[in-house]
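Below sits a lone chain in structure tokens, taken as the form predicted alone.
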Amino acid sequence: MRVLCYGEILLRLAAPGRELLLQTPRLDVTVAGAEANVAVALSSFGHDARMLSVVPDTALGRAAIGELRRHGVDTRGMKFGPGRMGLYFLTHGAVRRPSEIIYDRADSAFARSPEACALNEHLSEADWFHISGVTPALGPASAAAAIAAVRAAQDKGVPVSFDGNFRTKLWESWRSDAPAILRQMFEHADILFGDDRDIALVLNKNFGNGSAEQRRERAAAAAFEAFPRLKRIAATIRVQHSVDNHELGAVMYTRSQVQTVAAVELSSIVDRVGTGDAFAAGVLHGLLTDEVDREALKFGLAATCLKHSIQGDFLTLSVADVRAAMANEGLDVRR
């Protein structure tokens, strides 16, 4: 299946290990970006994933394209444009200190010219379109381009998956109306990757003080009522005991049923960033290969759990690796 992923590609500059940012004069640099993470994972799962974005015609932009290509992503939708490379700086958390991200994305090539990707041309060859809430959060031009993209996908009959990915720091960096913009994204989505907090923000509703499960159910019902096109809502359910030890389950709502997968204990987490994108890619893989909803959800949870073991934003494991984790085949050395 050919999946188009549209959004900004970044360079991630992370403090090594559990150091504070610039505690020592070294940073680990990798390529990142919400939609790019999904494209790499889907490519690793055997799909024809094409990335649409804009980067500067510099060594940084060319390196980003080369890294995507190295992981099998189709980069024919990549364009060069004026501006700079978007960056983010990451400090990994430890013990009771949370991880922290600092964005440095203003005036990036993508933010300046998000419409330069010739989206309509690529949509005519697509089986699926994926975008996240990070893209409209970058500024007025990106918001307009993101809304136009999901409308164009719907007009061409291409299903849309939308990952809420609400980023407070990005929305607050300009005079945005996040709920109004995100509502337009929700209106064109076939699948929403998000939880009751995303839905509460968009619908300006409070889903009560009951249990977390009750809030999620009420939010899903409200979203299905508000957005007739929406078919599925999928989310992870995370309980954090410390920075390094979490429990992670998953849930999927449709208009007729609820599917849940029991939580898995994750200890000694290597890298949490990008795990939501791995979940989205895993669920999409299941649906694109005609798995029933529960099996797609199980595959998505296994994929996101494995991503917690990998440094960097990308999940680069195969379907066989994910299925081995689902089957709990043990942790002995493979020889």
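Just count from 1 along the sequence shown to find any residue number. All values derive from a computational prediction rather than experimental measurement.
What follows is about the form predicted in complex with a further copy of the same chain, which we do not show.
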TODO: Answer for residue 55 alone: is it within 4.5 Å of a further copy of the same chain in the model of the complex, judged on heavy atom distances?
DONE: no
TODO: Examine residue 29 and determine whether its closest non-hydrogen atom to a further copy of the same chain in the model of the complex is within 4.5 angstroms.
DONE: yes
Open item on the list: Given that a further copy of the same chain is not shown alongside this chain, does residue 266 nevertheless sit within 4.5 Å of it in the model of the complex, heavy atom to heavy atom?
Closed with: yes
TODO: Spell out, yes or no, whether the shortest heavy atom distance between residue 22 and a further copy of the same chain in the model of the complex is within 4.5 Å.
DONE: yes
TODO: Name the single residue among 144, 180, 101, 221 that comes within 4.5 Å of a further copy of the same chain in the model of the complex, judging by heavy atoms.
DONE: 101
TODO: Select from the listed residues 206, 214, 242, 257 the one whose heavy atoms reach within 4.5 Å of a further copy of the same chain in the model of the complex.
DONE: 242
- [ ] Pick the stretch from 291-299, 65-73, 278-286, 45-53 whose residues have a heavy atom within 4.5 Å of a further copy of the same chain in the model of the complex.
- [x] 65-73
- [ ] Flag this candidate site as yes only if 94, 270 and 317 all have a heavy atom within 4.5 Å of a further copy of the same chain in the model of the complex; otherwise mark no.
- [x] yes
Task: Contact set, 157-179 vs a further copy of the same chain in the model of the complex - heavy atom within 4.5 angstroms - done: 167, 169
